[in-house]
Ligand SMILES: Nc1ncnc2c1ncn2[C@@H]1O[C@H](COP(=O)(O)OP(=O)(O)O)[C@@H](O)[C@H]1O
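Shown below, as structure tokens, is a lone chain in the form predicted alone; questions about how it binds or moves come after it.
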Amino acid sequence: MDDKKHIQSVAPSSRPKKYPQNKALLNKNNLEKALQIKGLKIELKESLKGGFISQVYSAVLDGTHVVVKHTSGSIPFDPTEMYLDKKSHDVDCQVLRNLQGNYKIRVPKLLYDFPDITTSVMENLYYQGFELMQNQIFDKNFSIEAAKSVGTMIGNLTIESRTWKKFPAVQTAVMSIYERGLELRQSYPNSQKEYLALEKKYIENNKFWSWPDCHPKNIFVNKKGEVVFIDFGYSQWGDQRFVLPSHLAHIVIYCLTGYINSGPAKEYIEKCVSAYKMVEPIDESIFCQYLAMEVFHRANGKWIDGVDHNEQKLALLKFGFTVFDDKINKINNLLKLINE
């Protein structure tokens, strides 16, 4: 008997692709020199925590404390990953320019933009009493004071961005939902109907700008509950209804993983949703599904800190499965899962 007769050859699921070659992130000394060549009297100080493709430094520019953000790219390390283009710098700066001086939506003041070295210089919010919401969460010092401001600002941002002239983005709606929905597809592998329904909604509603990265590490807050949004590089033209549940999914995540108590988590979500509704209506069914999809996406700790052991991961998976399996389509019913 020919044992190989019914065996198909094994090939990679995706062929190797050619991507633009990304230079490594400029180190601190080279970046400082590059900015000085641009004519800035600037001195880079300590490294601040940036994103996965950016490096952020505190700096002093003409005696004023500022922040310097340098962006690179990232080549996929397996077929499930997306190429992250350093030109996300251009998208980030475009959104910042669109929002400069907007009294309803606060973002950092953009002082300089150097697209040739994908570097921007912005005001330093730390010296104005702000801290990242994610730092509050990890320090077990999470405050609900910002909930109303966050909900209102997301709603205002949704409406304001509808007036924007379309500009190039490095990530499309198709790319975004593919990457964020991967774990949902894997959770229902035989039909994928749960994912396909959301994919259809996200792609078809791509007339306006969407900010899927509205999570705690991109939100500055202060003791007064004032809020500043940052990091728009991988925003795209997609379903705006994803922004609020994407943010609140992370409150659920950090509640179920032990960083936020259930009482404050629920109160924050309720106040944030209520404030958003004062500006923009909510489709609660799609809200619950988008939120659960984002919980699935982060369930193993992908691109976020703090999800480290199996008890945390199982809690997140249980939450996601319950929303889809029990067809949770009301926010009040979704909040009950936090208590459980």
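Bear in mind that the values here come from a model prediction, so they are computed numbers and not experimental data. Throughout, we count residues from 1 along the sequence that is shown.
The same protein also exists as the form predicted in complex with this ligand; that form is not shown, yet it is the one meant from here on.
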Within 4.5 Å of this ligand in the predicted bound form, heavy atoms considered, which of 227, 91, 198, 125?
-> 125
Only one of 48, 34, 26, 307 has a non-hydrogen atom within 4.5 angstroms of this ligand in the predicted bound form; which is it?
-> 48
In the predicted bound form, segment of 228 to 236, 164 to 172, 76 to 84, 256 to 264 with a heavy atom within 4.5 Å of this ligand = 228 to 236
Is there a heavy atom of residue 218 lying 4.5 Å or less from a heavy atom of this ligand in the predicted bound form?
-> yes
Does residue 212 make contact with this ligand in the predicted bound form, using a 4.5 Å heavy atom cut-off?
-> no
Distance check, residue 56 to this ligand in the predicted bound form, heavy atom within 4.5 Å = yes
In the predicted bound form, does residue 69 have a heavy atom within 4.5 Å of this ligand?
-> yes
Quick one: which residues from 192 to 206 get a non-hydrogen atom within 4.5 Å of this ligand in the predicted bound form?
-> none
